[in-house]
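The chain below stands alone and is given in structure tokens; this is the form predicted alone.
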């Protein structure tokens, strides 16, 4: 068992040419976001009564929730299954999940027609046990809280024994240090409870996002509609968790001029074919059981979209990650992991947009410039805040220390 790797703030400039581009995208997204809140959904989006949701729900929410699965899957691996070898990946994964779910909540807020009523689910008198969306909302709110609680040890580590309030505030130095000490000592003892809670909540709402579309059998293409859609959503979230950790880690390593953490990522990649294989089997069994294989190869636009999603997002990376040489290669591993990530995003786009076919729609939905701008702005903001936090807090390990007998790739 290797000792936990020491995390430290990344010693890099915050503002670079790439960050300037992010700020421009953020400003553009903010402009259209403010326009949406001031003048309504119709002023910015191409949504209507037939297409009540678009890319804000599809990408910002459904895809965002799936790609944040790296937080709970890595936490389960390290804290529940005690695979301490991967501990250095935990904080970056939790940070990605925390930011991902935060922006999921913002995406829901922007997409709601009566956004000012978003607080209603926290009032017991407004609860509905028959609503799948209510369950999703409650679980997401609870899990966002859990993620911020799990980030508290990072904050206490950053400031403990370093408190130095200026001027008159200096009288609070001792009290602040005492609070940080209490928080640090308390959460060390109870963090496993939050880890377990986070895993349970994640499994609940990952599957319930699929339940939302189970409610629309007459409006969905049968290649994607299935009564087991909640199970498929959950399995795909399991499948994309570790690939997302790999993609995030390798992009961060490239951005911060560090060597890829292959000592950790290659062994982690050995788990992915097992999870992805279960998802592969579940999809094929569902198609066979519902007699959909014929439609899968009929040459229609829907069948081609489905084949691209499944072939490039599941089959190809599954084969690639079964090859040890690809798992040991930074370029090969990144390519396979990225295919899985893009495959899950494409799956959510297909389920919520491609497969959704309102019977009386007068036109086909296509996102407006405003919708695209808001989505790009939110992605840019997530990346910028990630970069800001890893330069201020001990999140990324300073180096990767090899074990004498580390897990083989």
Partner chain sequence: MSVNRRQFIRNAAIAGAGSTVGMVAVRAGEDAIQPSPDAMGVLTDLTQCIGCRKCEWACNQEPSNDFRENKPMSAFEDQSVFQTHRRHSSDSLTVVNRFEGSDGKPVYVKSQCMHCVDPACLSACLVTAFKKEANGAVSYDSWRCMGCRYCLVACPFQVPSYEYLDPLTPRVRKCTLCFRERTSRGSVPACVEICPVQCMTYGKRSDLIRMARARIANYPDRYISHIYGEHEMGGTSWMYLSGEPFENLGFQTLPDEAPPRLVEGIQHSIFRYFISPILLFGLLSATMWNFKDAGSGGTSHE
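Residue numbers count along the first chain shown, from 1. The structure presented is a predicted model; accordingly, all values stated were derived computationally and were not measured.
Just so it is clear, the following notes concern the form predicted in complex with the partner chain, a form of the same protein that is not shown.
Asks: When the partner chain is placed as it is in the model of the complex, are 130, 211 and 218 each within 4.5 Å of it, taking any non-hydrogen atom of the residue?
Replies: Every listed residue reaches the partner chain in the model of the complex, so yes.
Asks: What is the one choice in 316, 281, 200, 169 with a heavy atom within 4.5 Å of the partner chain in the model of the complex?
Replies: Flagged contact: 200.
Asks: Could you spot which one of 228, 326, 262, 106 gets a heavy atom to within 4.5 Å of the partner chain in the model of the complex?
Replies: So the residue touching the partner chain in the model of the complex, by this definition, is 228.
Asks: Indicate whether the partner chain has at least one heavy atom within 4.5 Å of a heavy atom of residue 299 in the model of the complex.
Replies: Heavy-atom contact with the partner chain at 4.5 Å: absent for residue 299.
Asks: Does residue 113 reach the partner chain in the model of the complex, with heavy atoms at most 4.5 Å apart?
Replies: So residue 113 counts as contacting the partner chain.
Asks: Examine residue 82 and determine whether its closest non-hydrogen atom to the partner chain in the model of the complex is within 4.5 angstroms.
Replies: Yes - in the model of the complex, heavy atoms of residue 82 and the partner chain come within 4.5 Å of each other.
Asks: For residue 31, is any heavy atom within 4.5 Å of the partner chain in the model of the complex, or not?
Replies: Answer no; every heavy atom of residue 31 is more than 4.5 Å from the partner chain in the model of the complex.
Asks: I need the one stretch from 377-385, 49-57, 62-70, 339-347 whose residues put non-hydrogen atoms within 4.5 angstroms of the partner chain in the model of the complex.
Replies: Among the candidates, contact is made by 49-57.
Asks: In the model of the complex, which residues of 354-386 put a heavy atom within 4.5 Å of the partner chain?
Replies: Those in contact are 356, 358, 359, 360, 362.
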